[in-house]
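Heads up, the chain below is alone and in the form predicted on its own; it's given as structure tokens.
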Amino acid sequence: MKKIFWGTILIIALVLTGCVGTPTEEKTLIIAEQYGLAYAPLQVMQAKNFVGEIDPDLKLEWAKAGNTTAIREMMLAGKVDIGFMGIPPFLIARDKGMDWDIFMGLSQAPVGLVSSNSEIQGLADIEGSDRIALPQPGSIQHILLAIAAEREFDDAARFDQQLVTMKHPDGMSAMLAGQELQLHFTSPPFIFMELDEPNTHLVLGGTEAMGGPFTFIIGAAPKRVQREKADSLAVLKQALQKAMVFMREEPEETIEILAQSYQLEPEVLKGYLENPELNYTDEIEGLETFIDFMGRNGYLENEIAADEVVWN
């Protein structure tokens, strides 16, 4: 009888404490990131252990993704808690029923359409046979190109049939080879690396396409994470804000950290980071412009209000 009694007490205790392992799960955030210098605060945050300074019990796990589709699929499968991406693919997924919100901005960046073909000096020079590499249809690069096409040709979809989905490193290699593909819409550091090469030039800049500044990368989290891991999400945001301040106040150490992360020479990286269009901030800019354009041109089927997709 005593064995049964104490066995019952042990079972009840395990149930009431959520069983072994639950606290650890609650103190873990799995983060998906993509390629490029626009994600630099994540690397600085890791190197300086800012999360550990704020909450030593919170553990981060990382997943590298080639595009937002991969991030969305990992989130839907419960394999990822947080994703960093451009605003347009976030909106497209939200429009299709993805239950997530923006919780912070991460960076503004000098993105652009680069070509190795000297005959392509503007959008009007792009022929139907030319191919344009970018991360995926619906990416921020695609939508910026569509915004510029609507403005110049009154046809947002003008180049949609000429897009080739490629990761940034592959798109850079293909464009520089200049055989089957001569246009690449890309972001730092790849846009800097491409423009450093001979016989390349910028066809269209991101700010020019947008008609003003915009947030390039935002952080998004599904509502389950907002509900179940709100404190951890707040710690992550605070740690990234510390990383952004550190990058402004300690540029030399920042260069040391990022040169190793991106396999770049410190002097080269210093020049990249000094670009005035590369700005690491948690502010969110251009959201309403993207929503308006994408709604008018059929990239979104439902009405979306900016204040409904930002989590505070």
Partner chain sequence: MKQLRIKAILILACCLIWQGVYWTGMYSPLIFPSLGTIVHALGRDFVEGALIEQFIYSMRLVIEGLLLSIVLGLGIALIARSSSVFRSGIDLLISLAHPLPGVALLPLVILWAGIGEGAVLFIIVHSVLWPFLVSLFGALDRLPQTQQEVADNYEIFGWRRLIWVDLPGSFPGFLSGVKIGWSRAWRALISAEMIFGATSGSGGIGWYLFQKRVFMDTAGLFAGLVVIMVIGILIEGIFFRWIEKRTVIRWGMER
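For clarity, every value in this text was computed on a predicted model and none was experimentally measured. Residue numbers count along the first chain shown, from 1.
Below: the form predicted together with its partner chain, not depicted.
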- Query: Would residue 202 count as touching its partner chain in the predicted bound form under a 4.5 Å heavy atom rule?
  - Reply: no
- Query: Going by a heavy atom distance of 4.5 Å, is residue 222 a contact of its partner chain in the predicted bound form?
  - Reply: no
- Is the gap between residue 165 and its partner chain in the predicted bound form 4.5 Å or less for some heavy atom pair? yes
- Item | Partner proximity in the predicted bound form: residue 231 to its partner chain, non-hydrogen atom cutoff 4.5 Å | no
- Note on the structure: Within 4.5 Å of its partner chain in the predicted bound form by heavy atoms, the stretch out of 147-155, 213-221, 170-178, 238-246 is 170-178
- From the list 102, 92, 193, 123, which entry has a heavy atom within 4.5 Å of its partner chain in the predicted bound form? 92
- Message: To verify the annotation, which of these, 261, 46, 279, 69, has a non-hydrogen atom within 4.5 Å of its partner chain in the predicted bound form?
- Response: 69
- Looking at its partner chain in the predicted bound form, is some heavy atom of each of 73, 138 and 299 within 4.5 Å of it? yes
- At a 4.5 angstroms cut-off on non-hydrogen atoms, which residues of 108-135 are near its partner chain in the predicted bound form? List them in order. 131
